[in-house]
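Before any questions on binding or motion, here is one chain by itself as structure tokens, the form predicted on its own.
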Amino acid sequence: MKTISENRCFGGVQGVYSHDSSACGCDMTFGLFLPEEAETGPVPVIWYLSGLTCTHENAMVKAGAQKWAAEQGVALVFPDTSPRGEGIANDEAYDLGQGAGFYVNATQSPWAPHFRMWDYITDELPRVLFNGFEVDEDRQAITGHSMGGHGALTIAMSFPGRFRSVSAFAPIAHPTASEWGRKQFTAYLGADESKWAAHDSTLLMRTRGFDGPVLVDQGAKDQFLHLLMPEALAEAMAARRQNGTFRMNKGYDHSYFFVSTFMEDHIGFHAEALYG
């Protein structure tokens, strides 16, 4: 593992690191904020998964999360959203290829050799994190924005007992029924739609639910509402009587201005679960 940068931040350290990924077959970069408490022992960790076109850097710089994480004594990990580099498949569209991994393991050409973000986020990067830093494997939570909200919800519901809480900002909530999902699932997973269901948070909520509290924030003026389909997830949560809260926030769009506005709520929500 290579240290790219480390900066003092709210009493803790905001680091950026890279490592050789066997899952993705390339170098991968991630950000990690460690609060001051990590100097004396392992701290709880919140995973933040970013959205389309983003790298590890977007939320790390724009979300304002470190201040609230430092106050709560929790770590934040900011993974990248896809493999990157020369020789790795890409597409001219912003919503497919590099920057658009959708947190799945691709099975189709030309994506299959490198686009294995499910394995990277759920297996490889956790091993790197827990072996290399003072973070507590038994106290994890997960959140994300847009495509990352999709990833956070599907991963949380697929690993019962791993995460104490899950939240999402404007998640792609029903990708098997949306162009933000059907296009990418066809490319990455093939035309057999039965293989898509494991990566749809609305379908997972209907059939499985989450074994902890859920918080979802959505902007009512989000320019991508027709692609996100938040009403499907809200209905699934209500039908299942999921322990959770879905909030439609008047006037907010899809930007990081929206994310940063509600970040304190999300960090506090997770801290309560992590320390409770």
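What you see is a predicted model, and the numbers here were worked out from it, not measured in a lab. The numbering used is simple: start at 1 and walk along the sequence shown.
Beyond the structure shown, there is the form predicted together with another copy of the chain, which is absent from this document and is the topic of what follows.
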property	result
Non-hydrogen atom within 4.5 angstroms of another copy of the chain in the model of the complex for each of Glu235, Ala238 and Asn243	yes
Residue contact check: Arg247 to another copy of the chain in the model of the complex, 4.5 Å heavy atom	yes
4.5 Å heavy atom contact, Leu52 to another copy of the chain in the model of the complex	no
In the model of the complex, Pro44 touching another copy of the chain (heavy atom, 4.5 Å)	no
Glu57, heavy atom within 4.5 angstroms of another copy of the chain in the model of the complex	no
In the model of the complex, the residue from Leu225, Ala70, Cys26, Ala38 that sits within 4.5 Å of another copy of the chain by heavy atoms	Leu225
One stretch from 226 to 234, 57 to 65, 27 to 35, 44 to 52 that, in the model of the complex, holds residues within 4.5 Å of another copy of the chain by heavy atom	226 to 234
